[in-house]
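Single chain ahead, written as structure tokens, the form predicted alone.
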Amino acid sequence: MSAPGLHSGESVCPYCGVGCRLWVEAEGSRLIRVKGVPDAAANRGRLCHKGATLWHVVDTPDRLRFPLQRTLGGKFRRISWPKALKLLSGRLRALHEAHGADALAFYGSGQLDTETAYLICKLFKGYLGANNTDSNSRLCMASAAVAYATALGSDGPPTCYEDIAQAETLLVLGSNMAEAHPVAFDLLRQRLREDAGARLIVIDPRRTPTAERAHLHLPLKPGSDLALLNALALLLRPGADRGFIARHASGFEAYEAFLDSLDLEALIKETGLAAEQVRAAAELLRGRRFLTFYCMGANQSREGVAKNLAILNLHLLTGQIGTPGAGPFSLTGQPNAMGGREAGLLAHQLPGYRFVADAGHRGEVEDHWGYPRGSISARPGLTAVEMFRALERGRLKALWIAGTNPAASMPDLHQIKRAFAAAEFVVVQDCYHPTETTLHADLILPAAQWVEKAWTGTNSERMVSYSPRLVEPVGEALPDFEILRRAGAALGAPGFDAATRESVWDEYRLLTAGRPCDQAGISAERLKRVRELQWPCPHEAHPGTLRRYLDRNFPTPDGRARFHPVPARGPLERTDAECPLVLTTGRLAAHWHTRTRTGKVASLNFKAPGPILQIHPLDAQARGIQDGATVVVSNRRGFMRVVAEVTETILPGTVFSTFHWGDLHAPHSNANLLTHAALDPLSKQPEYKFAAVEVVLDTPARMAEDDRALPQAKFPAGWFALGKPRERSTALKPSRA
């Protein structure tokens, strides 16, 4: 709790999944400085620009301070917490009684703490019988999670940040670490400075700031990742660690037969790379400890699980796993995406890496909660994209959203707008209003910020960290945990009335005992004392686990890791004469997600004031586009208007933009108006990284024509302060698709 006058304390950064610990200085409830903690495992005193400017974003003019209800006129009015909870519980109960549990859904976030994620799971899956809980982690890390479980038997990376200092080759695929995870990338740079023999390979269609530091950059064609990874496997097979494979892996015969069916030259041709480049990469991996970092470029694809499995195949083939300085290391995009998965927030999961489809798992959780057997449905719930499809079609009636901004971050935003228009009841829980999503809400609940609450989260290296409350929440904002606790009590759910954050954490961590993500030894009291511990940590005398699988014993039925053949299917959408360019999307260093925080910091806005489209000079010249010109990017789903950045850092035939800017910045400025929602069949993660588009020079006549064509993307004057009605219109009719 905050004290009068000057005071300070430790917290955890609420941005990416690196897990930087912060030293926060405040005067009363006003933050005045944020610095890195020198002895923190993740950042060792480092901070990126976003983290260092966090003190700007807590008490802002658009902070959501009180519950708000939409009126019949479409405006918002302040209501009390008792009225908000009565409205929330009454509407959920009525829809549950009228349409059943499957009519309700909760869409959360990797920004929610573990205690909150656990209560969401307990309330919806346990008490209400609705497995429709999911997280925007589905958009980021689902493919990595499924691949870990499929090949190694359990979600969760086996590696740690200390491995960077022992790796001989650092392989970065589908990740612009320098901009998206800058503090972790600083550790890579330090490794390269300290050991002249260490090498960095970067696989990316763009020459990003990460690729600029590489000893070898492989600018492969978008969508050819599997071709490259399988080509590398063919080149590395002669030196395979067959002793490791014989003792610790299964499925190698089928995998080797798959490799025999491939044509190395054809694979290399598909990537657009020179054979010398691919062979050079194999040489930098052969016989060396290598650590692979990968993120959205591998995950956000309809073959995201296959790409992840191909990465794991390389580590199994060479025996480079379960040893210091080597292994697969998926980078997490949000501060507690890992913790949400551990707590069971995803639609197919239960706490402790259990699954709703497993009768034994359901029974264990029901007994732990004291709920009757059969309370938890055996059918996996709707995932993120599926929720909005079901909302549009009327199958889903109520959607509760917390800590995320799907009206800007989901693929194919036209469908998302139709879904909101068809919804019967939308609740949005956030720190700010308006956002693109709060404007669609019937009820808005004010959430406390990261520094205004006590919370627990897990970072990319399985480090469980505690963050205390350092300042008082603004207005009547409440911690996410407390909002869920009060909502559960209002609904009559057993065990919610007297719950405290500490009691909920201890209830949760005991449910992980004996599971792959064992946190039984990380009690609330212990974590307050030591600040951070890595799981598995099975008892309170255990020091935590730096690396997994050092004994080469994997949590599979036979204790072996598993190879998987991964034939390529390619992107669902292909370029053609009408849409000849490939649009790929990503982040910039200055901003995070949809700018609900970073958009409030002047220095970050100065670095990146608006959305851009990177385009190669050859493609720009063919279209009469000069650097700095406004262009229209379009396809069969819609269009966006953006400023061109003509650069040779991108391949001909490919363009790049970001998803940071939405309708609050300007109508038609979000790349997700063009992305599509093709899903990986296993992870249900959408394909953000490949959309066929065309780019043309903008003109005043085209601007006027485009604005008439899509009136639903425009907000009326005065919307910023008061919101806009969420109502059906001819422009927002549900699709039959």
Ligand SMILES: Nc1nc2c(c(=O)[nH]1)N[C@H]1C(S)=C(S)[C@@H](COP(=O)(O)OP(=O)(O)OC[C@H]3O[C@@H](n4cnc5c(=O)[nH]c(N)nc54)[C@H](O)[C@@H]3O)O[C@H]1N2
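Predicted model, so just to flag it, every value in this text is computed and none were measured. Counting begins at 1, following the sequence as shown.
Just so it is clear, the following notes concern the form predicted in complex with this ligand, a form of the same protein that is not shown.
Contact check for G327: every heavy atom lies farther than 4.5 Å from this ligand in the predicted complex. Residue contact with this ligand in the predicted complex: D225 places a heavy atom within 4.5 Å of it.
When this ligand is considered in the predicted complex, E342 lies well away from it, no heavy atom lying within 4.5 Å. Remark: A589 counts among the residues lining this ligand in the predicted complex, judged by a heavy atom distance of 4.5 Å or less. Stretch 180 to 188 is the answer when you ask which of 537 to 545, 180 to 188, 467 to 475, 485 to 493 has residues with heavy atoms within 4.5 Å of this ligand in the predicted complex.
Contact check at 4.5 Å (heavy atoms) against this ligand in the predicted complex: all three of L139, T208 and T585 pass. This chain is drawn without this ligand; in the predicted complex, the residue among A145, I203, L317, L104 with a heavy atom within 4.5 Å of it is I203.
N176 is the sole member of T383, Q415, S634, N176 with a non-hydrogen atom within 4.5 Å of this ligand in the predicted complex. Contacts between 398 to 417 and this ligand, taken as any heavy atom within 4.5 Å in the predicted complex, involve A402, G403, T404, N405, P406, S409.
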